[in-house]
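Take a look at this one chain, the form predicted alone, written out in structure tokens.
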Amino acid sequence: MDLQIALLLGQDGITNGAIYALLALALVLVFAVTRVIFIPQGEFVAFGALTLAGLQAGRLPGTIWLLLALGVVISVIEASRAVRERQFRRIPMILLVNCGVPLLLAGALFALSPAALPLPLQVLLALLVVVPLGPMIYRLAYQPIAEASVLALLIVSVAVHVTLIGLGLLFFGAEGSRTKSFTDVSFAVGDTLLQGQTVLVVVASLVLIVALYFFFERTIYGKALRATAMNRTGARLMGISGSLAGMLSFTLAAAIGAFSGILISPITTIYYDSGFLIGLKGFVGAIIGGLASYPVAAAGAILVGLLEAFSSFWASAFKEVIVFTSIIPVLVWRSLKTRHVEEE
């Protein structure tokens, strides 16, 4: 291996690591706030990329039908609850939020020609379709059992993951897709050509991480999420709604996942099930951070990206094995250092 190959591998590793870092942060956030190991995180990566690809191809993405279906189910549940509690004034708002907004978005996609829109608007439309799926899935799958054990929540996560993969195959088919490149600019660094798309992925990831930092440090909702992550019971006693915190954390996780998928869609072919492996590598980074520390999780994800890139050169057939085996010493070390407490 010479210096040029090392630089190319390092470039790929940092690019992949930046995406894994975003997913690791989302996984840590969701687990800290709700105790849910959010296995379906990777599906939002695939849905974001494939929804954008569908818009660019002039097709109506199947995710809009999923959005409408979940909105109808939630509307029925919430309206029935409002009727039982005789809170009839809530029903119009419930229908507007859960059915009206998705219908308005679907109408806009029908009326407009998404393929002819500028790229930023296509990205915005893709995010508007995919991101609301996060809080909707939380409302239907997790909120009713929010106080269940971590194991029960994990089983539900597996069920949601399998369901979303099946829906992805139904919506997008088995063929992979790529989106148009955001930029064709390239830079010469010595003898190595640095692609502008790669730089964009890293810079956008850093900007999003900084934005998340300011969100948690400077906004009331961010501080509410931090308080819930530190002590759920204490946060509830201080008037912070556990349901609101859960929905907000799932919204952020869905936004991070969809945005990550959109970022990498021009440089890699995305299939309906590609998100699982990508999300799993982000999960390895989150495990390195103990599902608690954001900086350590991000650093672990960057390490995973570099390990994957250099493993593909030295042992391409075993690169996945090497990446996933790397968590074994971390788990062993944590099991020796952490005192086990039975969950009540």
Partner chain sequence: MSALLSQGERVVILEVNELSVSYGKIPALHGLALKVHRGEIVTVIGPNGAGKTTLLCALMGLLPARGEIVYLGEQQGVGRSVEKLVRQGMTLVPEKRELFAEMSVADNLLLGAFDRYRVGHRDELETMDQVFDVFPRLMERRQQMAGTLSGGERQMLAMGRALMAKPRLLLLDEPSLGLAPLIIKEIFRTIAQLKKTGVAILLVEQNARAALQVSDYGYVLETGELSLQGPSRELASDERVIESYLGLGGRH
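Positions refer to the first chain, counted from 1. Keep in mind it's a predicted model, so treat the numbers as computed, not measured.
Another form, the form predicted in complex with the partner chain, is not on view; read the next lines as being about it.
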| item | value |
| --- | --- |
| Residue contact check: Met247 to the partner chain in the predicted bound form, 4.5 Å heavy atom | no |
| Proximity of Leu212 to the partner chain in the predicted bound form, heavy atoms at 4.5 Å | no |
| Ala111: touches the partner chain in the predicted bound form, heavy atom cutoff 4.5 angstroms | no |
| is_contact(Met230, the partner chain) in the predicted bound form, heavy atom dist at most 4.5 Å | yes |
| Contact stretch among 257-265, 204-212, 123-131, 219-227 - heavy atom within 4.5 Å of the partner chain in the predicted bound form | 219-227 |
| Of Leu117, Val72, Ala106, Met238, the one that lies within 4.5 Å of the partner chain in the predicted bound form (heavy atoms) | Met238 |
| Answer option from Pro92, Gly100, Gly196, Gly234, heavy atom within 4.5 Å of the partner chain in the predicted bound form | Gly234 |
